[in-house]
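One chain follows as C-alpha cells, the form predicted alone.
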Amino acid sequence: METVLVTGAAGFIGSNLVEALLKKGNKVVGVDNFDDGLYEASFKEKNIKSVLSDKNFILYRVDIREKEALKDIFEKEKPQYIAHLAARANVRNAAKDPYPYVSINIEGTINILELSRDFNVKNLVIASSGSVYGDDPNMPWSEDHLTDKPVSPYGATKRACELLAYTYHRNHNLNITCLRYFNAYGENNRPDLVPYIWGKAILSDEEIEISGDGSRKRDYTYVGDVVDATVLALEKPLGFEIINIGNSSPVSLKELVSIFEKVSGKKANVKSRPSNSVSMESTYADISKAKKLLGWEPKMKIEKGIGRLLTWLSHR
C-alpha cells in the first residue's frame, strides 16, 4: 500500500492502527494535536512512543481544524489512503459542552474531505460510531436502521460527518467508507472509558461504580478486531459505504464485572450510582455487512480481550 495518513494517530484506536500498518510495511503519516480535552496529553505520548523511531513513520503535531497546516502535510507527504480517526469523543461531556465536538468533529472532517478531494486520495476511511443509532429498540442495529435520534451531541456530530462524507462521494467521486465502531476496548484504552476505569480499579483493589442496576449492555469490541476491520476497509475502495464494526455480542455491566473478577481472580467492590440520561440502554451491532463487504468478523472473545487489557494496565 502507498502512504497512509492516520489522523488521531496518538489516540486509542489510532495508535493501535499505526502499529498495525507499520507491521504491514506501509509508510504511515500520523497527525495528532495531543490536546488534553478528555485526558492528559502524556497518555497519548506513551501510546505513540514505541513507533517514533520507525523509519516508515512520521508524526505531525497538528490540529485537524488547521486546514493550511494540513494542506502542507498533504503537499509534502502525498497520502493516497487516509484513516480519519481524530475526534472529540465522550457522550457525557458532549452533553455538557457541545461546542468543541461540533468544531473538532465536523469542521475537522470537512477539512479532511476537502483535502482528499484536492489531492485525489484513493480511499478514505472515516471513524463513525454506534452512537448514531441512539436508543433505537430494534436490535441488532443494521446500517439501514433509523439514525436521526441520537441521544448525545457526540452521536449527532458523527452522523453529520457521515452525511457530509456522502455528499463528497456524490459530488467528487471520492471513495469513502464510514465505519461505525462499537465500544472498543484493549491496549492503549482511553482512560475515560469503563474498561480502563474498572480494570485499573480492580487491579488496585479500589471501588467500582456501576450504572443503575447494571442491566445496561454494551457491544464491547476488542481494539485489535477494530484495527483489522479498518485496515481491510483501507485496502478495499467501495465507492460509499457505512459499515458496523462491533463484536455483535452485547454484555451487561453486571456480566462485565463478573468477567473482570474471573480474569483477574479478584472480587470487585461494587457501588451503584444513578444512570446518566445521555447513556444508551444498549448497543448491539449487526455485522453481516462487514462480513459480506470486508470479509471481516471479530476474533477476540471478551474474556481473553479483558485479560490483555489487564496485562497492559499492569505494565502501564
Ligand SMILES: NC(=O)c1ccc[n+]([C@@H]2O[C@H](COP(=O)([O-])OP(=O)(O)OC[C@H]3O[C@@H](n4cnc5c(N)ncnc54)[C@H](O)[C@@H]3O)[C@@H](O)[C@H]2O)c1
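The structure displayed is predicted, hence computed values, not measured ones. The first residue of the sequence shown is number 1, and the count goes up from there.
Quick note: we don't show the form predicted in complex with this ligand, though the next part is all about it.
Heavy atoms within 4.5 Å of this ligand in the model of the complex are found in one stretch of 266 to 274, 61 to 69, 248 to 256, 281 to 289, which is 61 to 69. Arg190 is the sole member of Lys200, His169, Lys217, Arg190 with a non-hydrogen atom within 4.5 Å of this ligand in the model of the complex.
The three marked residues, Ala86, Ala127 and Ala184, each reach this ligand in the model of the complex, with a heavy atom inside 4.5 Å. Interface residue remark: Gly305 is not counted as part of the site for this ligand in the model of the complex, having no heavy atom within 4.5 Å.
For Ile13, a non-hydrogen atom is located within 4.5 Å of this ligand in the model of the complex, even though that partner is not displayed. Residue contact with this ligand in the model of the complex: Tyr81 places no heavy atom within 4.5 Å of it. Remark: Asn33 counts among the residues lining this ligand in the model of the complex, judged by a heavy atom distance of 4.5 Å or less.
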